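Have a look below at one chain only, the form predicted alone, in structure tokens format.
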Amino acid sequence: MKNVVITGGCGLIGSSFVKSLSKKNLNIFIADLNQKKAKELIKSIGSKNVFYFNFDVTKDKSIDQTFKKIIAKYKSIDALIHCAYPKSKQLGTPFGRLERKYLNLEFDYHLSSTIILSQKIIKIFSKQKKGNLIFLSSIQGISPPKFEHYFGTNMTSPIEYSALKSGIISITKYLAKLHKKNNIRINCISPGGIIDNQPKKFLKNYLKSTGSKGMLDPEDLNSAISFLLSSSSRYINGQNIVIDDGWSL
């Protein structure tokens, strides 16, 4: 049975992955800070193969301890899906009011932490001589926002979010090329907007740029993640799979 770690496994997208993958022949490890939500999620799933580890991707010690515990008991980590998205107090602040101290936090939380997390899991993969690392980026990482979608709402599309998500795609390609001879695959998924109580005005504006659905449900990503974990994708490496109902066209 393969062992799959999902960072941010209690989040909107991460929890959907946990629910979907728990139905397969896998051990799923939720790596998240939200212990209460993790317990509720595991209880709702009712699977004996879903486990929780208190985990902070911004802390090296937390990463090391979590990986060590999993390896000690389950012998390997076959795949890691990185969904964690720590937030600073500044998230969503308009461009003209951004402050350096919070920007520094955002970039540390996401790019620095992603690089260090990758360093640590790739060391494990290298010892195993196999591994599968999947990142979560966004359509904002491949294209500038459609600012007109935000007209008439209090919403904004943060510039730091675009920078961070494009950085994740670059990290994906860099690491995939660096380790392509080591039986380690590294890919990325870039979803379109995910429904999460956005105002009707925004949803209507957003729909104009898509095909039939508009904003996606988290479950719309499950097939892609299952594919990337399967042997059917064994020759897919260093790719960014966009799932956006045509938003980026």
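The first residue of the sequence shown is number 1, and the count goes up from there. None of these values were measured; they are calculated from a predicted model.
Note that the form predicted together with a small molecule isn't included here; everything after this is about it.
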Given 145-153, 68-76, 132-140, 115-123, the stretch touching the small molecule in the model of the complex at heavy atoms within 4.5 Å is 132-140
Picking from 42, 224, 194, 203, the single residue whose non-hydrogen atoms come within 4.5 angstroms of the small molecule in the model of the complex is 194
Though only this chain appears here, would residue 86 touch the small molecule in the model of the complex if you measure heavy atom gaps against 4.5 Å? yes
Any chance residue 56 has a heavy atom within 4.5 Å of the small molecule in the model of the complex? yes
Please run the contact check for residue 12 against the small molecule in the model of the complex: heavy atoms, 4.5 angstroms, yes or no? yes
4.5 angstroms heavy atom contact with the small molecule in the model of the complex for residue 179: no
